[in-house]
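So this first bit is one chain, no partners, the form predicted alone, shown in structure tokens.
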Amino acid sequence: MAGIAVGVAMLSWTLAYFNGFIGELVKSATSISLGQIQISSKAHIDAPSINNTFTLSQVELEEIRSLDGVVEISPRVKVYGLVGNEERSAVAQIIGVDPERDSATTTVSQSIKDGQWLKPVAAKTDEKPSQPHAVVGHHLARQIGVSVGDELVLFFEAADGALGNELLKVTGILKSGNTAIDRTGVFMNRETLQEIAALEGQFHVAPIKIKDVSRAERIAKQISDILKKPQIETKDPNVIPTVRLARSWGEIIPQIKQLVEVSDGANYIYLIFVYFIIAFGLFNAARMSALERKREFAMMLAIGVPRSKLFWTVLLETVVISILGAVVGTLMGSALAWYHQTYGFDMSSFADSSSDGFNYMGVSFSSIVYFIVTPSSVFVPFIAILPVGFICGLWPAIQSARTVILKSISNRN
């Protein structure tokens, strides 16, 4: 029974660990910048360009926010250009965001290493317009040699073909753990960037945060239905309506989705392997127990116990032992998994000493893994042991029911 308990406990703990590990990976990959769901135009997906934009009306935004499971949506503007100072410059991805909405949608604002996050654009006065602010990725800041309080010159080609340029004041340096953002990212207020880029009222992407990542595909379908509603009609035959798509994180980063699917398959293989070992030990124990009590079984048959009753007695004995071991193992494994769900499991000893955690596909995630205890991680190991105990008890039960009374009593076999 001890072997069964240890095996089931190990399975419960491991399944909860994999749930937490994959959940942390998905969360880190999507929450920093992408969102669990993202809206963009089909043209921008096929060919990212400053001109491939889409619009979202206030009615559509509010309708999306009202969907069950949606936390927030924050449309963005993204352009590519040069940023620098008198001495150095570099190619950068300039991202225009609504500071307040984006803080509720992504975790970029929580990744500030030095300084502070962007503030909403203040109302401009006739006396002195406020200087636009910017938050820069820490690798990019080090490359061009800027820090909080320095000025940053921005150059790019606007949507109308004119040269967009602006002088920005660096208010924050961020370390997000996302390689692309840390090396090329420059965040600024969306309204300011839209004005410079001649993109008033237009967006390139709209990240959406949801409560449960497992519902991403279902909610993305609901958002797609909203986006398919007729837009402002035009009689100009040359104007092609913008096709807007809502994609779940699995479509945006299919590599992560494939990893989740591979992990699910690996869990089943792991389950089979562990239960094979449990079954081998259980079968051997049940067989040896039946052999040692062969004379006892012969005596029972001699006094009139039906062979069928002896068969079920031996079989049920094995099943009961399996159930008791599974109960103990489930309680042990679930208790340990719950502890790691609450306090986390420190894997820093396996992480790269030069970083704060693990890195996968350019995204860093914490070395502290918080387990996710689900009904499947608790009950699947328990339920799966029942057929294992039944199968392992069949052969000893059959052999016991076939006991030859005279030979067994006389110890001749």
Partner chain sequence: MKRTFMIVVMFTTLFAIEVRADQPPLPKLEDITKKLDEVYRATGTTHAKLTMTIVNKRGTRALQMESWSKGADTSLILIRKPAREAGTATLMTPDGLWNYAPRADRLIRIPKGLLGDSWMGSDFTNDDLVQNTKYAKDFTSKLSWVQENGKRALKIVFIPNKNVPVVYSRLEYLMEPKTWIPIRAEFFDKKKKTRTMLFSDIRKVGEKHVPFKLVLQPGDGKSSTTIQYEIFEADVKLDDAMFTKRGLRRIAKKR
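Residue numbers count along the first chain shown, from 1. Remember, it's a predicted structure, so these values are computed and weren't measured experimentally.
Although it is not shown, the form predicted in complex with its partner chain is what the next lines describe.
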Looking at V83, I278, V136, L118, which is the one with a non-hydrogen atom within 4.5 Å of its partner chain in the predicted bound form? V83
Taking 4.5 Å between heavy atoms as the contact cutoff, choose which of L324, V148, V153, I112 touches its partner chain in the predicted bound form. V153
Given that its partner chain is not shown alongside this chain, does N165 nevertheless sit within 4.5 Å of it in the predicted bound form, heavy atom to heavy atom? yes
Verify the contact flag for G201: yes if a non-hydrogen atom of it lies within 4.5 Å of a non-hydrogen atom of its partner chain in the predicted bound form, no if not. no
Any chance I252 has a heavy atom within 4.5 Å of its partner chain in the predicted bound form? no
Are any of the heavy atoms in Q341 no more than 4.5 Å from a heavy atom of its partner chain in the predicted bound form? no
Candidate stretches 65-73, 49-57, 31-39, 378-386, one within 4.5 Å of its partner chain in the predicted bound form by heavy atom: 49-57
Though the partner is not shown here, which residues of 392-407 have a heavy atom within 4.5 Å of its partner chain in the predicted bound form? none
